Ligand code: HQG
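Only one chain comes next, encoded as C-alpha cells, the form predicted on its own.
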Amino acid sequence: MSRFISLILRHRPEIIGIKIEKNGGWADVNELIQGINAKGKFHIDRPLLEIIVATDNKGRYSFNPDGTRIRANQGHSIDVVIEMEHRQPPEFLYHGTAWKFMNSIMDKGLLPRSRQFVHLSPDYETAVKVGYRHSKPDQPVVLRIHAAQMAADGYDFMISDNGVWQIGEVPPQYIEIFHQGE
C-alpha cells in the first residue's frame, strides 16, 4: 500500500482523482483516503495512513502541522515545488545504480531523468540499498560523488526532510566508481 501511495503522491494523483498542490506538493488527507478506497485496490483509513507515514523506513511522507494534508518528501515526476534546506554537503555523497547504466553515467553524468532532482545518499550502505532496486538480481554499483568539490565549484545542494541529498545534476568529472558488485 505504501508503494501505491507513493505512486499517487509523486507521480500519478489522477489515478484516484485527486490534485496535488504545486506549492509544497500537498494533497488533502481525506481526499487521498477516499480516492484510494474508491479505486478498490486497497482499503485504508486514517489510523492506517498514520501508521504507514510513521513507519515508512525511508521517511517518504509528511503530514502538515495540523494533519489535514500529506505529501511525498521527494522523488516527484509531477511539477511541484517542495522547499528544501540548501546546505553545504559532506566531502562525499553516494549513488547506487546498476551496471547497465554506467556507460551513460560516465558519459553524461547523473541526470534526474523523470524526476526533478538527482538523489544522493549520505552513506555507502544506503546507496547499496537504493542500488539494489535498479540492479536486481545483480549487485549494484556504488558511485562516490565528490560533493564538497562540486559545492566549491558552485553547485547548490539541498537536503529533504528525510535526509536525501538532491541536486539538479552531477557531471561525470565528479563521479568515481566506489564499488562494483561482484
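Don't overthink the numbering: it's just position in the shown sequence, from 1. Note that the structure is predicted; figures quoted are calculated from it, not measured.
Same protein, other form: the form predicted in complex with the ligand, not shown, and the subject of what follows.
Heavy atoms of Ile82 never reach within 4.5 Å of the ligand in the predicted complex, leaving it off the interface. With a 4.5 Å cutoff on heavy atoms, Leu32 does not count as touching the ligand in the predicted complex; it lies far away. Among heavy atoms of Ile105, some come within 4.5 Å of the ligand in the predicted complex.
Taking the partner from the other structure, the ligand in the predicted complex has no heavy atom within 4.5 Å of any heavy atom of Arg46. Among the residues Ala27, Val130, Val142, Ile36, the one placing a heavy atom within 4.5 Å of the ligand in the predicted complex is Val130. Only one segment in the set 149-157, 62-70, 115-123, 37-45 has residues whose heavy atoms sit within 4.5 Å of the ligand in the predicted complex; it is 115-123. Residue Arg10 is the sole member of 2-24 found to place a heavy atom within 4.5 Å of the ligand in the predicted complex.
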